[in-house]
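First comes one chain, alone, set out as structure tokens in the form predicted on its own.
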Amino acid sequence: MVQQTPALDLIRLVNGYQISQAIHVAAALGIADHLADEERTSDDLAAATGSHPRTLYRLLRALATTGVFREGQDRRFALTPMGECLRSDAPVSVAPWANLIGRPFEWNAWAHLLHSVRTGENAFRHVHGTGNFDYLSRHPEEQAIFDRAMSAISRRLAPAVLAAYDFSPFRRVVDVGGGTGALLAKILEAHPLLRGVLFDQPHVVARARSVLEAASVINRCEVVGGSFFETVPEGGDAYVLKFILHDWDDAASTAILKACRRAMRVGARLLVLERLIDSPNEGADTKFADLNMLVEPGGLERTPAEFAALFAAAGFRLTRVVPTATPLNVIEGALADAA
């Protein structure tokens, strides 16, 4: 029996990239979907996915040691509870995220984390010569993969947000940078009297109709294209920004918040949905997400005090922080000069 030592524990962490890339490949091949109804041999799965039989077996047996799949007799594989989350139709599907993180444009940016740490510069721009959102707009296939990942995250987090924060006092919610509308659709589904405005870049919201129609909320939702650095739709009594400010540095985030402030009337609420940096030695998920913000869009995760300062710089006051059952928090703000 191999003795566990600090060195072996560290090596396992060092080699973590191998697991994430292996899961990415399994997600890209749709292995979990092919195992949805019954266990199958690796040869069957290779035929179904157009893969090399022996090599696919090597991938699956490795992932079976991590608990993603379960290997039985005669190279037969089945899903575990963790593997069920890789199904594209899972209630909480991780497949779109796993498919995104292994894409070369994402993977290559992370290969230059050292550059970011040494210089403070954004690794993605260093590698690709442009920011990640501009890159996505120029590469429609990658944009579609990114949009599916963001929508899956919204669907996974929405129930916890709705359980923690009461949207019933509002009548018109503006989702700023709302992508293709997955979160807003869930909010409107939960509140039949509520109307919504989905706001994002024109090429992003152009793909929102099918999401809103599938949720049967298209008749209560206005879709508007534009830039949140310039103007934001007026007339809302709640302005939601989910995973928006962490994409940007303080100067850009302040500009976004000021655009929201110009659109808001007295009594309206700003609802920033973000992670919060935890105390020392705690909160690994958020602190590694912070590194992802450094590498990919060039932003950062923040502490409550940093959000309070950001709000104040844009003319808001932080009224309260509402935690959810997920790492997400509802950071509520009001106009600073309102009673």
Ligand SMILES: C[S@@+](CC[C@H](N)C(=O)[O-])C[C@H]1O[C@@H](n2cnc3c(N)ncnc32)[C@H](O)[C@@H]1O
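The numbering used is simple: start at 1 and walk along the sequence shown. Note that this is a predicted model, so its numbers are computed, not measured.
The discussion below concerns the form predicted together with this ligand, not included here.
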Heavy atom to heavy atom, is F170 within 4.5 Å of this ligand in the model of the complex?
no
Proximity of G179 to this ligand in the model of the complex, heavy atoms at 4.5 Å
yes
Look up in the model of the complex whether A158 has a non-hydrogen atom within 4.5 angstroms of this ligand, and give yes or no.
no
Even though this ligand is not shown here, does V204 get within 4.5 Å of it in the model of the complex, heavy atoms only?
yes
Indicate whether the candidate residues F133, G226 and F243 are all in contact with this ligand in the model of the complex, with contact defined as any heavy atom within 4.5 Å.
yes
Among 72-80, 188-196, 109-117, 245-253, the stretch whose residues bring a heavy atom within 4.5 Å of this ligand in the model of the complex is 245-253
Can you pick out, from L212, M150, L100, A123, the residue that has a heavy atom within 4.5 Å of this ligand in the model of the complex?
M150
Restricting to 251-285, the residues within 4.5 Å of this ligand in the model of the complex through any heavy atom are none
